[in-house]
Each structure stands twice: as structure tokens, then as C-alpha cells.
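In C-alpha cells, the next block holds one chain alone, the form predicted alone.
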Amino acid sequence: MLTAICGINWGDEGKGKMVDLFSADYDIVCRYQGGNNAGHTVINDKGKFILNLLPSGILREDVVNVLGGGMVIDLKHLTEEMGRLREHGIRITPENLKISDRAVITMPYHVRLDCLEEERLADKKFGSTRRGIAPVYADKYMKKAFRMGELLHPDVMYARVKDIVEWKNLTIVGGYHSDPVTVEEVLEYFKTYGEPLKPYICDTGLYLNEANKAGKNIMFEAQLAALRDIDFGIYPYTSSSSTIAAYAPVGAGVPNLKLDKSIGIMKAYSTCVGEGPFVAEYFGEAAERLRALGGEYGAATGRPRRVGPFDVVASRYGIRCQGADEVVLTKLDILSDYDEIEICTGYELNGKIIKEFPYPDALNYCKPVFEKVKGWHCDISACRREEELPEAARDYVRLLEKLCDCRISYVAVGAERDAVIKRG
């Protein structure tokens, strides 16, 4: 079984929690794109963990975890993340963590460039996490990046360092008038943070192909979500990688394999971190209330998330982009405080009501169309069966399922691993 777990909206839907839960039925969990610019929060019997680069399956003893070739890896961040998990008793060895030799290395100068560009843009900034993601993906496609496999071939890598540093300084010094990068600091970065990772680096494409032949169940874990995809998202306020499920086999290193299932994750309301159009956004007291109830702050950055009611238009588009066979609805419990719950069922554009997600530029001129439904105003966090939910909560789930035209197979009612209802 080859399954992708992917985000339907703007990210932060709770993918880490669901990967942690579903990974009990999988042998391998593979991250296939992105870097440490987003966080997956997992709460289970071992504690609370925020994972930026490591797959959420790392918290299960018998699961092998793979960082695919479509990822960009900050060596310092990865070694520190591994160290924090080990301090909490999590086993990490070359047997249960494998890093693709084709994954690209995020360098400290990429982080600098990210920050310099955001500062230059000032009030026109993209809302970057300042983790170097856009600059490193740019270098990848300009064929000026270092890859993890080069750590195993240092003579080849070191021969490239001088030329790449010289080229990079044309931008850092000549363009931004900042201090130059030095060959020495690049070599020190590789030595300090690259050397400890060498035992984990391998041909993960070959490993995954052999695992598939052996009948292993493989889960592909996405980072961010459909509306942050470089091609299909709210460009240019997107990530710099492909966040959709169809890219999973490519980013994992097995383009010859085909997914058996795509499971989308979406919240019972809307959240968005960063800049860009967000039609259903709440402001003022309504936003503060929902943000406080949901604890809506970025796992990677701590930034307050923008919030709003469930957006049917955006969710239906995200489900289509992800090719979702079914979806998981998370954080339904957060809405328990409301007597009435709003849903964004359409957008008003130039005096007309539209039901389909438009070209990103048009979103700036869209206004939300809200409808209200009855709330349940009681605690549902202890519910573990659908029939235990109050009728209004069941009606809400059924309505979203109908409006989005996709089966809601699970409903999460809390942050803990077992706070999930499997629907019949």
C-alpha cells in the first residue's frame, strides 16, 4: 500500500498527528518535499514533539523513516532535531532513518539570503519563514546546490566550494551589500554538521523500490498543503516545492511507483500562516477568539496564525489538487464553544457569487459569503464514536462532507493520538 498524507488548505491542518496515528499500519514513512520551514506537532504517550525535518513516523520504534530527494535539508537543524528527540528517549539509527543522497543541502547563506530579501521587500514581503527555502530551491534548479550524497564524496564537493562561494557573493556582497560568505565557513559547516550524518545517507530510491517489491506499506508525508504549492497555490505566496500528493513518488525517489491512496487533512475551520490572500479571514474579536480557542500559532515559527471559518471553495479546490480519496477533519472540538458556526460557502467577485477557486490574483477582489449553522456548545473531546457526538456536531461533519464532495473518514476531537473518531 502506497499512501500519501497531504494538506488540503494552507498548511497546519494536523498532518503530523494523523501520520503518527496511521503509521501504526505502515512500515515506512517518507517525507518527500520541503525543509524545516513548517512544523508537525505530535502528542502521544512519549510526550509532545514538534518535528520540522524528521517524518512523524520517527516516534514509532518499528517504522523506518526516509528523507526523500525532493527535500532541502538544513544540516545544523537536522542534527539538533535528532539530538532533542534522543534526549526524550527516541531511537534514531541508520536502521530507522535514511537520508536520500539526492536531497539538497540548505546552507547558512541561503538563510541569510532569505532574511535579506524579506528585509528588502519590507511591507511587500512574502511572509517567508526565513529558513532559506526559496534560495536553496532556486540554487537547486540553477544547478548550483550541494547535495547530501556529496558528503560521501568530499573531494568532488570541496572542488566546487570556491566557485560557488564566489558566485554567491556576487549577490550577497554586490546585490545586498552584506558581508561575504567565506570558503572556510562553508567547509566548517560541512565538517561540523555534515560528518555526523554520513552514516544515514544512501540511495533511498533503491531502498523504497526494494521495500515495495517486498510488499511493505509506505506512507508519504507532505509538508504544507495544496494552497502553498508552487504551481497550484496562491502564488507567489507559496512554498518553493510541490506539496501535492502526485509529486510524492517523484520527491521520494520512486517516480516509477503509483499511489494507491491519497488522504487529505483539513481543519474544521480555516487557518493560514504568512502573507497572501485569505478570503474567509476573520479580524478583530472574532479572530482573537478563534485563535485563542485553537491555540493557533505556527509550530515552526511561533507566528500567530490568521484564522477564519471553514472555507468550502478553497477546500474543494484543495481536495481536487490532492486527488484526495478521503479526508480527515481535525480540531472539531475547537468549535464546541460556539452557539452558531459560520461557513464560507462561496466568494463574491465583481457582484457575482462564485463556487470555484479562482486565479490567485482574483482572490484580492473576492469577498466571503457566509452561512450559519447551529453549534453544539458542549465538550466533545472525550467522544470516540460518531454516535457519541451531539447531533449538531454530526450535522456539521455531514454538511462539510456534502459541500466538499469527499468522504470524511476520520474526525479528530483533540490533540492526543487517540482523540480520533473513525466514521462508519
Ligand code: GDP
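Note that residue numbering follows the sequence shown and begins at 1. It should be emphasised that the depicted structure is a prediction, and the values quoted were computed from it without experimental measurement.
The following text describes the form predicted in complex with the ligand, which does not appear among the structures shown.
Proximity to the ligand in the predicted bound form, taken as heavy atoms within 4.5 Å, picks out 333-341 from the listed stretches 182-190, 80-88, 109-117, 333-341.
None of the heavy atoms of residue 70 is located within 4.5 Å of the ligand in the predicted bound form. In the predicted bound form, the ligand sits within 4.5 Å of a heavy atom belonging to residue 13. In the predicted bound form, at least one heavy atom of residue 39 sits within 4.5 Å of the ligand.
Taking the partner from the other structure, the ligand in the predicted bound form has no heavy atom within 4.5 Å of any heavy atom of residue 403. The contact residue chosen from 168, 131, 305, 98 relative to the ligand in the predicted bound form is 305, the criterion being a non-hydrogen atom within 4.5 angstroms. Taking a 4.5 Å heavy atom cutoff to the ligand in the predicted bound form, the contact residue among 369, 397, 43, 363 is 43. Residues 412, 413, 414, 415 of 385-424 are found to place at least one heavy atom within 4.5 Å of the ligand in the predicted bound form.
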